[in-house]
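A lone chain, given as structure tokens: the form predicted on its own.
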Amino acid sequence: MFVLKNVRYKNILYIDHLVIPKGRITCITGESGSGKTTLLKLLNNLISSDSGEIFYMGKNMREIDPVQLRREVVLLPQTPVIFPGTIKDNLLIGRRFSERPPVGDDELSVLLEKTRLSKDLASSAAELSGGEKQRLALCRVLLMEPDALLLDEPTSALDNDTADLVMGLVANYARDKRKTIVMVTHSKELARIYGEKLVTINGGRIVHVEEVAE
């Protein structure tokens, strides 16, 4: 799905060659400041490389309309954006951006329950805790049904049990809908459990790539 060749970004990232496969879960690990989040931002053209080429579905990313790209490749940052309004407002705003029809309240409530976010759809999103906001934002991007989902530490504000539940939901989503997941995580354990391809970055360079046997 993504191919990176001789990509350089400032003094942060130096990637000679990397392939991120379609329809699989790729986990990126490494020390803080190693360039993991920068890599995610490059993959949906939130930032542009100083040199080198990034290909998405065989096409040079510089030739793709950024808005259209971000409808297909959605980034969920570690500190998610929560929009003014209700929980329902926040869930449906992603559907509007991705130009998909709205979904009913029952489907929204079921998705919230799957992430242990048992809240009324009419509740204010601003009143949620950090972990609840993280789960709300995850539900929002899952509802967008992008071809590729870029997750930056999606379980950082969650306890271990909830993190495992959320990752199980993400993994099932990827398998059932044959979607691509690229996830940055500090947890090597989560990467081992859910990752199908493991990429380790250190000092802005890829130091290890491993395909996990099914």
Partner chain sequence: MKGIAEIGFSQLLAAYVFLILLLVMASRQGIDKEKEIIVSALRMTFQLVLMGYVLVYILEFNSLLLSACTLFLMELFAVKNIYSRVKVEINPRLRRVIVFSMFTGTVTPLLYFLLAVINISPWYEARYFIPIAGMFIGNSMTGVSLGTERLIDSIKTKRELIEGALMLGATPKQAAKIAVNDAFTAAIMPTINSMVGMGIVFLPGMMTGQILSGISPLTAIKYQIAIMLGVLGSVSLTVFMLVRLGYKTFFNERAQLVG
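Numbering follows the first chain given and starts at 1. On a predicted model such as this, the values are computed, not experimentally measured, just so you know.
In what follows, reference is made to the form predicted together with the partner chain, a form of this protein that is not presented.
Among 185-193, 26-34, 163-171, 40-48, which stretch sits within 4.5 Å of the partner chain in the predicted bound form, heavy atoms only?
Partner-contacting stretch among the options: 40-48.
Work out which of L128, L136, L111, M144 lies within 4.5 Å of the partner chain in the predicted bound form, going by heavy atoms.
None of the others qualify; the residue that does is M144.
Contact between I82 and the partner chain in the predicted bound form at 4.5 Å, heavy atoms?
So I82 counts as contacting the partner chain.
Is there a heavy atom of K59 no more than 4.5 Å from a heavy atom of the partner chain in the predicted bound form?
No, K59 is distant from the partner.
Under a 4.5 Å heavy atom criterion, is V74 part of the interface with the partner chain in the predicted bound form?
Contact check for V74: yes, within 4.5 Å of the partner chain in the predicted bound form.
Is it the case that L121, even though its partner is missing from this view, gets within 4.5 Å of the partner chain in the predicted bound form, heavy atoms only?
Heavy-atom contact with the partner chain at 4.5 Å: absent for L121.
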